[in-house]
Structure formats: structure tokens, C-alpha cells
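The chain below stands alone and is given as C-alpha cells, in the form predicted on its own.
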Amino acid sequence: MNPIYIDKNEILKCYKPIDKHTHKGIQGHALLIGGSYGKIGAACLSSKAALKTGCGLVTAFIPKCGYEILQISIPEVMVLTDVQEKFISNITFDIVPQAIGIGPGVGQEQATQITFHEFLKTTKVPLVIDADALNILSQNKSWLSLLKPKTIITPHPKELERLIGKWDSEAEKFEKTIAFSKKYQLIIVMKGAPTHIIDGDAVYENTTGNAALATAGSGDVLTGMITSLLAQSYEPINAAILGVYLHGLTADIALPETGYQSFIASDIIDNIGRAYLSITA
């Protein structure tokens, strides 16, 4: 395995500068589906991250209990609510997003699992799947065949293990992940230190980031960032590569001010602008 290192040179090959004549209607519309009672913060983090990564429009689909929280905390994000108060049970919407991120804080209620299955059967929109949506998939492996080619999944090590099974060495982990990627034609963001992106036989290794990213909500932010880039018409592999690179870069930029311990997921979002500026500097 010879990974391709994701550094600034590699990023500049896929980074698309903003057209000075653009408007919000052509900057992409991202839909983030997530949240449940006690975990509405995950939906807030992922949808705000999507906005800060450059999406023209962002809509969050959440349970009713999160409506006021999201509207007040992020006024720029539009909100659609499920019929249920505390969890998602019926994923229906009349908007036309260019990309959808699903999973942050969504929980594993039976009704959530059923509507997720129906959603996978019908959606044709480019997808990023994370968190509990991945855990639901790992319990229902036959559903993996419903995923469109080049769907992006973003598992942390435990979520990856539930999907591909245990491994005894790093070499075996990569072997199994590559085989899984090929079998289902998925792009797999293997979160870790460093994060790797697997697209069939192609393995990319990220060069940004540090231990400050090991904090609650960090993955929810990454989901929002990658979904945003997908909605902005980046190819799925480039959305994953650029999202992971920018995500790590925010921690590198903030570290001198925050240190490792006090850096939180919101600091990632606060530093996305600086990360973009450093790409083009």
C-alpha cells in the first residue's frame, strides 16, 4: 500500500475558487438529517459546518424538540421537522438538495431505522453517512447494496469494526477496508490519527490535524463539511479529501491559541475560514 499524501499541493489540484459572480442559488443546497432528544447539538454542529464550508443554502431535518434550538442558535440554517417530538421517524421533504448528510445524533430508534431504510431505497442524491446511521447499517448489512456508487461513509474505528469485522493488524484493517470499499463501491473516510480515505485501491493519507480533534462533535462537523463540498459540485472523492484536509487544518491553525485541551468542535467551525485562506495564501 502506497498512500497518496493529502498536502497543500494535492489540495490545489481539486480546490475550486469561488466565482466572483456567484449567488446562493448556485453555491449548492445541503440537507443535514440528524438529531434526537439530547443530541440536537450534533445537528447544529453539522449544519453550521456545512454553511461555513461555503454552501449557499443549508437545511436541517430534525425531530420537533430541536426546532427552537436550531432556529435560535444558527439563524442562517433553514429547519424542517419530523412528525415525532424526540426522534426521526419519517424522512420526507419537498426541497431539492444537491447533497445529503445523515446520521449525526440520529439515534437508533426502531422508527428511525425503518425510515432510514425507506430513505436509502428512494434517494438518488449524493450521500454522506455517519454516526448512528452507520451503526444502523452495520446491524442491517443487506442495506449496503442500496447505497449508490461513491457514497461517502465516515466511520471512527469502532464504527468501522462493526461494518467490516475485527482486525489483528493495521495491514489487515486496510486490507478489509479496501475490500469493503470495492464490494460496495464506497468512499470510506477512516477517521483516526492520521485519517485515511479509501476509494477502492486508492488510499489517501491526510497530513493535517492533531490530538485537539479528539473531542465530542468533531465528527459531526466533518460530516457537515464534506456534505457542503458535495453540494458545491465537488466530485465525491475530492469532497472527502478537501473536507478532511480543511478539518485537520483548523486544529493546526487554532492550536497556538487553544492548546490541545480546550479546543472543542465549535473551534473547528470558527477556523474554517482561516483554513481556506491558508490554502490560497
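If you're wondering where the values come from, they're calculated on a predicted model, not measured in any experiment. The first residue of the shown sequence is 1; numbering continues from there.
If you look for the form predicted together with a small molecule, you will not find it shown, but the lines that follow are about it.
- Although the partner is absent here, P63 is not a contact residue: none of its heavy atoms lies within 4.5 angstroms of the small molecule in the predicted bound form.
- By the criterion of a heavy atom within 4.5 Å, I253 is excluded from the residues contacting the small molecule in the predicted bound form.
- The closest non-hydrogen atom of L213 lies within 4.5 Å of the small molecule in the predicted bound form.
- Taking non-hydrogen atoms only, S218 approaches the small molecule to within 4.5 angstroms in the predicted bound form.
- Picking from 190-198, 73-81, 118-126, 91-99 the stretch near the small molecule in the predicted bound form, with a 4.5 Å limit on heavy atoms, gives 190-198.
- Exactly one listed residue, out of A239, L31, L222, L246, brings a non-hydrogen atom to within 4.5 Å of the small molecule in the predicted bound form: L222.
- Note on contacts: among H156, K182, K176, K150, the single residue with a heavy atom within 4.5 Å of the small molecule in the predicted bound form is H156.
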